[in-house]
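Take a look at this single chain, the form predicted alone, given in structure tokens.
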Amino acid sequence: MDDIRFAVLGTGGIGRRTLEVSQHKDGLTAVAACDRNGVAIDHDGLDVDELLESTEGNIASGPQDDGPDDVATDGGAAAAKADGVKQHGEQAGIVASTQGEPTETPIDDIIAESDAIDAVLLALPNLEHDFIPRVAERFAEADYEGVMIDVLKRSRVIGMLDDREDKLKESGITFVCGAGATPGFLTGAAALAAQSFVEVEAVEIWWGVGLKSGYEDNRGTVREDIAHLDGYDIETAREMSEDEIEALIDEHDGVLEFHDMEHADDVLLERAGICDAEDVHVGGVLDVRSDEKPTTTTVSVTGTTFDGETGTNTFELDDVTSMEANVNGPALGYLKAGVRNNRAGHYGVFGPADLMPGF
């Protein structure tokens, strides 16, 4: 496969790690990145090391309701700008890099250069349900022909992308949704494990993440997870101040446990014909005070074989693989698979169970 030129929208924790991991993958060249304050574009390839070093601990964040051109990074939150979270000095985010240029329209600036971009990874928190689908629609309206990848979590967002599928196909976009760890890597593992059975009765996904060293860069991801706790939703999580989040974390001694999350694995497995969405259950444990995983990440698929036996296939991740390895590695693998399909003329919306990621 020829070299793939890609862009990253959002340079919080997920976006930054995508850029970092891409340097260890053959055939990938990062040519553009943006956050709410700025954009960096170099079609010969960004100096990723310089960009990451310049923005370390200095991630642009701010209110989420600045209008359609707003880019919320992983650090973004309604009160983040007021609280001064991860903003140091006069230059916040990409504009602190020698490659960065300030802009009020970061997404439009990337779209304007998109003819020379093979793939776009949306490293954007989905604290507005339709934010990522709306961004995809903007690329389609600009007649972008290429690949778009996201690592979204919410089940309902898949339907919003499906509603736009005709427009994406007309533009020539191959959209791979939910292509991180879960949904993503683990969704694909469940689809493979299901092949032993003629009927799948249940899929159980249980994840563990230790986030101490990456907490500063992944506050937006933590905020999204908080929306899955009992008594919380997207709206309340989005409006929480950083102090309120810290208090919630203190209340749980740094460990948050989730059950029956609204995770897109269910819809994506149903779309792939594996099982009904209601038979998929996702939960996990997040420890923001330790880098060690609080529990082993597993996928268990229970079903009936052709000869009437009931069994359970279990897939387990090694505890030493980090969240970044299990999110960004697969995301870039699915990006490669998306480009392969796009170049073959396969357009529309695809889930991780529809594709095998490239290495």
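Owing to the predicted nature of the structure, the values given are computational and were not obtained by experimental measurement. In this text, residue numbers run from 1 along the sequence as written.
Omitted from view is the form predicted together with a further copy of the same chain, to which the following refers.
Under a 4.5 angstroms non-hydrogen atom cutoff, a further copy of the same chain in the predicted bound form lacks G45 among its neighbouring residues. Using a 4.5 angstroms threshold between heavy atoms, S241 stays clear of a further copy of the same chain in the predicted bound form. In the predicted bound form, a further copy of the same chain stays beyond 4.5 Å of every heavy atom belonging to S171. Not displayed here, a further copy of the same chain is approached by L317 to within 4.5 Å at the level of heavy atoms in the predicted bound form.
For the three marked residues, V198, R340 and P357, a heavy atom of each sits within 4.5 Å of a further copy of the same chain in the predicted bound form. Between 184 to 192, 202 to 210, 137 to 145, 249 to 257, the stretch whose residues reach within 4.5 angstroms of a further copy of the same chain in the predicted bound form through a non-hydrogen atom is 184 to 192.
Using a 4.5 Å cut-off on any heavy atom, the residues of 9 to 41 that reach a further copy of the same chain in the predicted bound form are, in sequence order, R17, E20, V21, H24, K25.
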